[in-house]
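Here you get one chain, nothing else, as structure tokens; it is the form predicted on its own.
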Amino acid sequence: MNEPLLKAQGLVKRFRTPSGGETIAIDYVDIDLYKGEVIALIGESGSGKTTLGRALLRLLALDAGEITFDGVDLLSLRGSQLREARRSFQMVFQNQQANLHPRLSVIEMLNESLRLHQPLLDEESRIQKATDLLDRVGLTDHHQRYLASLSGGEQRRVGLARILATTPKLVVADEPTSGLDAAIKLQTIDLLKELRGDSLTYLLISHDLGLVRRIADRVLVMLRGRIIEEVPIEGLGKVKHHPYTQKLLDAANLGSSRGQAAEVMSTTTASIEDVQGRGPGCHYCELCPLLTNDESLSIHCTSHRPPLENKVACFPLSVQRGNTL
């Protein structure tokens, strides 16, 4: 396999709480993103998905870890070197209004982005390129429109056009279809697929498993700051998953209840937010249906962090597969 476009190892991010305590938002995460693929990052709210996406693009500082982007140590870059590198990676934020200027027309916003990211272009070339970008995202007749007159779907398209103006290699898209009605959501998904091409890599942060099934090549499941499972899209719902992953699939009617090969488990409807403990072991222990009849295994899961072996961080599944603890 080729070298990853982005390789991150041992990422840690802690936040101080108002009470003076500490929350670990990213808990020693390793992640590889390869050129031209779409990787979906799923998990409940508060699992650390958005924090991880921002950290990978150096939009917030890490407490520990290493990130290599296109062979370059990303965390070592400063000043003009970092600004130059940022032309190669961009983020689609969940709130597009915060990234669009209310007093500039659509064409003026794109012109400004091109002026900053492609300074060698003259005015005429920038306007032509901006026009081409708007055509590409299906907004041919929206050149003179302003933010207030754009629908949610149109704002997402303008945001994508601004990102494409930087000719990025990596796009982190945070909930790109949230708040959109069904028809606009499908249009946005199709647009993301069309713009992907052979060289653009997406990290797609989403609660929408229907979107994930339509566009992703690989799925990463995040639970309280940790990656607890990695699965190719063709295996989603068809293999024996981590019980937390199975809970997410069942909640979206994409799990074993649809007659797929995965073993049916008695998953609880409780949220991981209902669990108080955040000890060294698996964060799902208190809700895990695999530990009900094995006290010794339960003690081990509570006190030891399960490694991401065989692409799933779960001691009970490792035992079932013949591995020793």
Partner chain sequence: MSKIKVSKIKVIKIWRASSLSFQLSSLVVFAVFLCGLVNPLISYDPVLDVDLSRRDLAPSLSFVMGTDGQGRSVGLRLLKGVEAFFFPGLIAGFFAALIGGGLGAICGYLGGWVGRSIAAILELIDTLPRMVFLVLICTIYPPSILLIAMISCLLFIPSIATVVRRKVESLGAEDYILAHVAHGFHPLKIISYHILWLQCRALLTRQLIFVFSYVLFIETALSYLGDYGVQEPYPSWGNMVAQSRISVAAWPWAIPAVAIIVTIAALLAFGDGIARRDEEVKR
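On a predicted model such as this, the values are computed, not experimentally measured, just so you know. Positions refer to the first chain, counted from 1. Just so we're on the same page, rigid core means the largest C-alpha set that superposes within 1.5 Å between forms.
FYI, the form predicted together with the partner chain isn't displayed, but the following is about it.
Shown without its partner, this chain lists N95, S199, T131, S125 as candidates; in the predicted complex, only N95 has a non-hydrogen atom within 4.5 angstroms of the partner chain.
Only one of S149, Q81, S76, T140 lies close to the partner chain in the predicted complex, with a heavy atom inside 4.5 Å, and it is S149. Every member of the trio L104, S113 and T166 reaches the partner chain in the predicted complex with some non-hydrogen atom inside 4.5 Å. Although the partner is absent here, K240 sits far enough away that none of its heavy atoms falls within 4.5 Å of the partner chain in the predicted complex. Proximity of L59 to the partner chain in the predicted complex: non-hydrogen atoms within 4.5 Å are present. In the predicted complex, the partner chain stays beyond 4.5 Å of every heavy atom belonging to Y244. Looking at L100, you'd find a heavy atom of it within 4.5 angstroms of the partner chain in the predicted complex. With the partner chain omitted here, the record of contacts in the predicted complex names 85 to 93 of 186 to 194, 85 to 93, 231 to 239, 217 to 225, defined by a heavy atom within 4.5 Å.
A displacement of 2 angstroms or greater separates the C-alpha positions of S105 between the shown form and the other one, with the rigid core held in common.
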